[in-house]
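Just one chain follows, in the form predicted alone, and it is written as structure tokens.
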Amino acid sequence: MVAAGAALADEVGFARLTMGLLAERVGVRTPSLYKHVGGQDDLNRRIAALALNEAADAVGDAVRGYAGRDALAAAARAFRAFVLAHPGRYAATIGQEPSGPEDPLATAGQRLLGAFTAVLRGYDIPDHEVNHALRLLRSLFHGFATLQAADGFQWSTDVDESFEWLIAFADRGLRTL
């Protein structure tokens, strides 16, 4: 049921995903969904956890065997590709707070952070600044990908060229810490 909800969110947009729309999509009556999820909030949280796990897999697989700028570029491209392919399910991750360390949302979020932390090991970043560097990467990659997914780049400059420029900029900044 969660996978069907995630696919539907990608199709119609996360903000438009409802239990009724999902029930219609899977060919059941809305009350039948409650056998699988506890309601809209539960569905949203499960989609968010699914999306974070999928993004962690994509980024983790992409960076395996790379270090430094190569790992940074691989992570950035994998993350961007995930967000562009799954804008609805990725949108579910924004603003979700884990209820505790055992919450699947927390576990999935830690997996994604772990993949980006692995990228940062290729740079000489002091331990006390790693969280700042993680926030930098999230801001850059999340911002670019979500703007692109929302058709936010309307001018004529090639978007891929701008993204590669962003990667190079981040690499230069991380190397100067």
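No experiment lies behind these values; they were computed from the predicted model shown. Start at 1 and count along the sequence shown; that's the residue number.
Not pictured, yet referred to below: the form predicted in complex with the DNA.
- Interface residue among 126, 114, 39, 143 relative to the DNA in the predicted complex, by the heavy atom within 4.5 Å criterion: 39.
- Within 4.5 Å of some heavy atom of the DNA in the predicted complex lies at least one heavy atom of residue 20.
- Proximity of residue 29 to the DNA in the predicted complex: non-hydrogen atoms within 4.5 Å are present.
- Considering the DNA in the predicted complex, the lone stretch of 132-140, 62-70, 117-125, 39-47 in range is 39-47 [heavy atom distance within 4.5 Å].
- Looking at 73-109, no residue comes within 4.5 Å of the DNA in the predicted complex, counting any heavy atom.
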